[in-house]
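Just the one chain here, the form predicted on its own, laid out as structure tokens.
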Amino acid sequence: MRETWRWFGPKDIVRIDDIVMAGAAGVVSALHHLPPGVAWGDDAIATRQAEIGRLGSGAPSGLTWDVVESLPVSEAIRQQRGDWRDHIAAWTRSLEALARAGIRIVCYNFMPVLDWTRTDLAWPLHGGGTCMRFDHVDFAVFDLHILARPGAAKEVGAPLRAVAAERFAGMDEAARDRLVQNIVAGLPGGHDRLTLADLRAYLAAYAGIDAARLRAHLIDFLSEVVPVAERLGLRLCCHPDDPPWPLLGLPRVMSTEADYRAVLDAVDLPANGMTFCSGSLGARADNDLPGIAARLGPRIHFVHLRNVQREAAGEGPGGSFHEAAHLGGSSDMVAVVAALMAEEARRRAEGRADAEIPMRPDHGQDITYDLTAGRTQPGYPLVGRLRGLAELRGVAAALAHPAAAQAG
């Protein structure tokens, strides 16, 4: 797999020099300062490519912008309201500009309102490190007692309601404020931050949009943009929901293998593909990660490798989990890497030009220098991801070694 690294632009705490020293070959980035619904222009794309291609000294970095993550899909498109058709037109213009710049892989997501969601951005680990965590009780506290979402009490079972009420009663104002900020924090390079009023307005806008309707909207969107990507030689890949189950009464439609199969079959072109995120999918115990990698392999255009430790079970597929070390946690990362490398070998045998799949070490625990540098970037530390990349590189090297084949 081609090793890449996510970079949020010049404001990122990780420098291009750091990425080069980590040994990555390419960069995953986006124009995070541009809001959803705005077309990306040639000049802005070229500026980001130049930033990626230059060390702090001004010398060439040797890095290339390999993957866009993410070209944002607006709420107007997800809801099919307002200027949604204009937003699709802007999205396709962005694809055309990216194709002119030679960037071929575009990751996006179709998660309503909230991107990845965590209740703690610096949960303490044994030894002094920290990580991001999703606590299903804390989330119920937020839903029931802070957001006070209408209908939440009917959706949350009595045992969880009782535990959440007790925990809420024990929280002071600072703890409640911290929980709110953690949940609405969004990505480090995000365009804006939601207030509780914003969140309530968005939730109200989804009244009447269930999973079936949201999936239909996704398929409508893909029916417009995938043929454009196919014509341009691009590959689109949808990121799974994170976490992969409904939150706040909002539908989630990219959480399981069946979800992906439905969408890939509905718009059955090679350009319509998957971002295989082992951490997002791995938060559900019923997702068979090596099996998904094998069965959907031909349509996997981009890979995120990270691991989560599933903790207490919640209601339905949900539960608590935290970001584990890349080779720790609840998922068999060696089996996942082996399945992806087998897919690459199959593609090489077919003569596919995209035999090498770009991969990035996703998220990471904050350890050593990450904790002492005086700047934090939840989920995207330097040393924590460097450790993950080194571990994954070692797994891939071992699996590819002739001695591994001899040992069976």
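Everything numeric in this text was worked out from a predicted model, so none of it was measured. Numbering starts at 1 and follows the sequence shown.
This protein has a second form, the form predicted together with a small molecule, left out of what is shown; the following refers to that one.
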- Message: Residues Cys107, Met111 and Arg360 are flagged as a possible site; in the predicted bound form, is every one of them within 4.5 Å of the small molecule by some non-hydrogen atom?
- Response: yes
- One stretch from 144-152, 223-231, 333-341, 67-75 that, in the predicted bound form, holds residues within 4.5 Å of the small molecule by heavy atom: 67-75
- Message: Considering non-hydrogen atoms and a 4.5 Å limit, does the small molecule approach Trp116 in the predicted bound form?
- Response: yes
- Is Trp40 a contact residue for the small molecule in the predicted bound form, using a 4.5 Å heavy atom cut-off? no
- Would you please decide whether His239 lies within 4.5 angstroms of the small molecule in the predicted bound form, comparing each non-hydrogen atom pair? yes
- Item | Interface membership of His304, the small molecule in the predicted bound form, 4.5 Å heavy atom rule | yes
